[in-house]
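What follows is one chain in structure tokens, specifically the form predicted alone.
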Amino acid sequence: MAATQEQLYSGLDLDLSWSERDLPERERTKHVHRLHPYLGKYIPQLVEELFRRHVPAGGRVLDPFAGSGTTLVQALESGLDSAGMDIAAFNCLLTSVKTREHNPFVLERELRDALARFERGEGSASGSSAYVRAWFAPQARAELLRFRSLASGYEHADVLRVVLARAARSARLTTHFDLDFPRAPQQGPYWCHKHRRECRPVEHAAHFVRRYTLDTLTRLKEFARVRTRREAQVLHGDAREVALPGRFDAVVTSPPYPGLIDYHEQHRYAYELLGLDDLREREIGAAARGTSRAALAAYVEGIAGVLAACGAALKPRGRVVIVVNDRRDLYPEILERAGLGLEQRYRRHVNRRTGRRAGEYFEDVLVARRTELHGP
């Protein structure tokens, strides 16, 4: 018999669970956390509470699945040093832009200059790929390519590249209600479930370029006012192979789920426009592999290998903190193979009232330690 709602909620850690009223979207996406949409990220308030519980003041945190950089951003805000890595090049670009210490005066001058030149019609619209030609209307494509050609001449070129990616995401030939994973270009009018009326695909990108240039500038300046003078290192690669930079007080991470999200395809427009290395075949739990028995075995081996490598970089009292929905019960084996023993398990309710995802959803927070240092 399934658990009742009362039973489900009685086992929750209420300090790790928030309602929409208690934690509205504007707070979950504060400052740079909304610099670019990203599926599958955990909220900064959860990370802050996990730091409070499991990381000493002034400590050092590692995230081997850095994603959009939530752990590293919150480490900077919480007065912690951090390092993160990811196999996806776009994730590393986005995290680097979020965590880099920008000179606010140079940043504002360059972003406004690039926008002014773009709006004067400067830049070259050459060099589009087949994907770009298929997924963007002619005018939108030309505008995005012009902005791309202007970005490289600036000290903050990577910031402008993130602006370009964000504008491209909104300017694709797709329906308004399916920006996350559109299956094919939308060429004509359609009934829009989001606006409850007939809509047309986007034909221009200039308004998105302007909006996101100014929004990015605002968000980076907001974060500059709250970040501390700590260090955040971003490494592109597989945590099983990358030389980890020093010792850490804790690992705080949310690994990918098997067969769920293709983190490269999610940002395909960015890879195409920016010429980023696509390493999706090396992505642990890649969506293309599905959830067959062999795929799940490979997932267990991959996650265990990453956690073992991270565990070896922990200080003696360090903990591994994992946020996961382990509905297939894979993590007991993963932890054992990684040489980790489970100390605590918190259960939390996940606020999913965004987009078209509104159902009940729960996650566990697993807190583990190295068994070889502390015994069974």
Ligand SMILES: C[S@@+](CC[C@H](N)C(=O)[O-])C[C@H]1O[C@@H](n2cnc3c(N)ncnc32)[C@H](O)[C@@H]1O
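Quick note: we count residues from 1 along the sequence shown, nothing fancier. Predicted model only: the values in this text are computed from it and were never measured.
Another form, the form predicted in complex with the named molecule, is not on view; read the next lines as being about it.
Q: Going by a heavy atom distance of 4.5 Å, is residue 282 a contact of the named molecule in the model of the complex?
A: Answer yes; at least one heavy atom of residue 282 falls within 4.5 Å of the named molecule in the model of the complex.
Q: Might residue 104 be said to contact the named molecule in the model of the complex, defining contact as any heavy atom within 4.5 Å?
A: Looking in the model of the complex, residue contacts with the named molecule do not include residue 104, since no heavy atom lies within 4.5 Å.
Q: Is there a heavy atom of residue 53 lying 4.5 Å or less from a heavy atom of the named molecule in the model of the complex?
A: Because no heavy atom of residue 53 falls inside 4.5 Å of the named molecule in the model of the complex, the answer is no.
Q: Hey, in the model of the complex, does residue 232 get a heavy atom within 4.5 angstroms of the named molecule?
A: Close contact is absent here: in the model of the complex, residue 232 is far from the named molecule, nothing within 4.5 Å, heavy atoms only.
Q: Thinking of 69, 91 and 255 as the candidate spot, does the named molecule come within 4.5 Å of a heavy atom on all of them in the model of the complex?
A: The answer is yes: all three residues contact the partner (heavy atom, 4.5 Å cut-off).
Q: Given that the named molecule is left out here, which of 135, 248, 212, 263 has a heavy atom within 4.5 Å of it in the model of the complex?
A: Answer to the contact question: 263.
Q: If you check 195, 240, 109, 117 against the named molecule in the model of the complex, which one has a heavy atom within 4.5 Å?
A: So the residue touching the named molecule in the model of the complex, by this definition, is 240.
Q: Tell me which stretch of 307-315, 325-333, 34-42, 338-346 has a heavy atom within 4.5 angstroms of the named molecule in the model of the complex.
A: Partner-contacting stretch among the options: 34-42.
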